[in-house]
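Take a look at this one chain, the form predicted alone, written out in structure tokens.
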């Protein structure tokens, strides 16, 4: 059989899109994820593309059930995103998006760390152009910060890879763990932090909330699908069962809720919500059982679809109205009824309503947590579930399509955007109603039934009381109002504290420099003035001196010279 690595069709298509125009360009863009998915389906599990560098055997393509699931997911996400962006006439975005999707596929099928590193860096390089494609000053600066952090991630991966190769004599990409090598080399932690940066671990997450909302409406849909999910895949491959991930994931599931509630930019709300959902996946990988890993991977699959649907609906609002702040929107359900319904389907899915996709995967992670004795983590995830219903399930559709009528001129978005959102909505419902279609693709065999009485009743009670709390807070005017503002969290350190501290330090240094220069100039001026004063008409050097005085002076100088010579 003729074997083609999954990333190659996307790279070839990007080259074709660079020279094609009009319908030919659209045809190539749509065809590549469809044909690529067929190619991947035929390839199945296995490996090929072996090559050697510096005595290391490397592998371009290695597929098992874990990587295949992400491969299928990325092809579906690429197809939906390409359809959503068909109306865009921007070669930069179209080329970058195909290269970006291809890089994500190259990373999940990498059989070794060097191949992974190459595609890891290509992910950063190609995705930053989707941020810059908006061509605003804010997008340019946010893109620079985004790119800097991702390059740091790549450098850590490169360093960890070198230590790993020295310690183990191989670069095969498998389980790594935090234990490190027998020589105490820190490769386990270096690679862990590299993956953590791309997975938006706490304190490394601001590239996501900073850059994604600054991208174009279509660029954000691509961005939400690939980078973080490649990191989830890498963690599932290299660090399953690492307990530290349980606590990191629980933190990720909780802290974004508070920022999402007060955030005015609705795409930034979704960016915080993305971190919240990543927290569930990271917890599942940290627990490490078959059910937990399956739950994490299944939730990654669903998250790409329903989060993409929500980003698409907000992108449609931004495309049509030019506004995305909750304080400036409202009442759009009358003019955009189809978009409203599709957004509500995405909101119901992320909130884990029964019969929607989020319910059948999130419950797996929570069940795994309580079965393995992580009772407190289960409670934290329960709180996080209520929080995500507040900020993504209610706040997004409520402030965009209902609330007060902002009387904005609006209409439904272009047909291609509606088609892409409809495909995503259909997948949300299909997986929610018939979860076995997804379960059959998961890495481990298992027997799990999401629709039992306990799961359904627990979730319905949670959603009911969360909705009740939202209504009560709104009626009592206690819910945080939508205000025009810029909210910073950890990024305050490098966007405010460090620049202000550096500015104050350099101001002091410049003031000191000015004083030293002024003192030096003053000293020179006084010296010149002193010397000049002796040459004036009444100066010492202008007087008449007796010959005897001069002889006495010469004798004195000779005497000093002789004394010095004798000494």
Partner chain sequence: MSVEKQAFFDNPNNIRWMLRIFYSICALLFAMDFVIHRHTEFRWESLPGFYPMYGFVGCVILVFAAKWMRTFLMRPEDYYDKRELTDNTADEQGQGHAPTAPAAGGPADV
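Positions refer to the first chain, counted from 1. Heads up, when I say rigid core I mean the largest set of C-alphas that superpose within 1.5 Å between the two forms. Note that the coordinates shown come from a computational prediction; the quantities given were computed from them, not determined experimentally.
Although not depicted, the form predicted together with the partner chain is the subject of the following passage.
466 is the sole member of 466, 251, 242, 185 with a non-hydrogen atom lying within 4.5 angstroms of the partner chain in the model of the complex. The single contact residue among 262, 426, 415, 125, judged by any heavy atom lying within 4.5 Å of the partner chain in the model of the complex, is 262. Using a 4.5 angstroms heavy atom cutoff to the partner chain in the model of the complex, all of 135, 387 and 472 count as contacting. Looking at residue 89, you'd find a heavy atom of it within 4.5 angstroms of the partner chain in the model of the complex. Taking non-hydrogen atoms only, residue 172 never approaches the partner chain to within 4.5 angstroms in the model of the complex. Using a 4.5 angstroms limit between non-hydrogen atoms, residue 216 touches the partner chain in the model of the complex.
Although the partner is absent from this view, residue 402 contacts the partner chain in the model of the complex, with a non-hydrogen atom inside 4.5 angstroms. Of the candidate stretches 493 to 501, 220 to 228, 110 to 118, 154 to 162, only 493 to 501 has residues whose heavy atoms lie within 4.5 Å of the partner chain in the model of the complex. For the stretch 447 to 480, the set of residues having any non-hydrogen atom within 4.5 angstroms of the partner chain in the model of the complex comprises 452, 453, 454, 457, 458, 460, 461, 462, 464, 465, 466, 467, 468, 469, 471, 472, 473, 475, 478, 479, 480, in sequence order. In the core-superposed comparison between this form and the one not shown, residue 507 has its Cα shifted by at least 2 Å.
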